[in-house]
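A single chain comes next, written as C-alpha cells; it is the form predicted alone.
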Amino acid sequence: MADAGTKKTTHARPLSPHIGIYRQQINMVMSIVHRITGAALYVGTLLLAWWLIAIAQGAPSLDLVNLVMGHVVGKVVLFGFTWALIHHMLGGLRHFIWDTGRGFDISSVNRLGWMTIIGSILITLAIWFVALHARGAI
C-alpha cells in the first residue's frame, strides 16, 4: 500500500565508452608508443650491460657479443633500440614543453606528435648513417 503512489521508472543508463568508438588520434598513438619504447629501453639497457660486462671479461666474451650483435637480427635489434631511445627522448622533450604550460592546443599537440615521429626516424637514420660511414660500411 505504501508504494502504491510511487511509480518506479527505469532509465537507460549510458554505457562506458569503448575504445572502438574513438577515432584514433596522434596523441593517443604517441602515449602508447611512449610506453612501449620505455619498455624496449629496459631490454636494450640489459643488452648494453651485457656488452659492458663482456668488455670487462675480455676478448672471448666480447667476441661472442660482437658476433650476436653483428648478425642481421642483432643489427635490427640495435637499430630498434636506437630508434626507441631517440623516440623516447623526443617524447620526453614534448612532455617538457607541456610542463612549461605551452603546446596544449590541438594543432600544437598534433604538430608535436608528428615532429616526434618524423624526428625520431630521421635522427635514427642519421646516427646509423654516420656510424656505418665511420666504419667504412657505406
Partner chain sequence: MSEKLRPTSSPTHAAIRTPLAKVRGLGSAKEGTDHFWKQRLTGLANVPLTIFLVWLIARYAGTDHATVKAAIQQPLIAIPLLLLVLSGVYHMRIGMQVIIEDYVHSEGRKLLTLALNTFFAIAVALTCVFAVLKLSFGV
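Residue numbers count along the first chain shown, from 1. Worth saying up front: this structure is predicted, and the values here are computed from it rather than measured.
As for the form predicted in complex with the partner chain, it is not shown, yet the points below apply to it.
Have a look at 29, 106, 52, 72 for me and say which one sits with a heavy atom within 4.5 Å of the partner chain in the predicted bound form. Only one listed residue qualifies here, and that residue is 52.
Decide if the three candidate residues 33, 102 and 122 all line the partner chain in the predicted bound form, where lining means a heavy atom within 4.5 Å. The answer is no; none of 33, 102 and 122 reaches the partner chain.
Since only the chain is shown here, I'm wondering whether residue 11 would be in contact with the partner chain in the predicted bound form (any heavy atom pair within 4.5 Å). Yes, residue 11 lies within 4.5 Å of the partner chain in the predicted bound form.
The partner chain contact at residue 66 in the predicted bound form, heavy atom, 4.5 Å: Because a heavy atom of residue 66 falls inside 4.5 Å of the partner chain in the predicted bound form, the answer is yes.
Heavy atom to heavy atom, is residue 127 within 4.5 Å of the partner chain in the predicted bound form? Yes - in the predicted bound form, heavy atoms of residue 127 and the partner chain come within 4.5 Å of each other.
Quick check on residue 112: any heavy atom within 4.5 Å of the partner chain in the predicted bound form? Contact check for residue 112: no, nothing within 4.5 Å of the partner chain in the predicted bound form.
Between 57 to 72 and the partner chain in the predicted bound form, list the residues on our side with a heavy atom within 4.5 Å. Heavy-atom contacts within 4.5 Å come from 58, 59, 62, 66.
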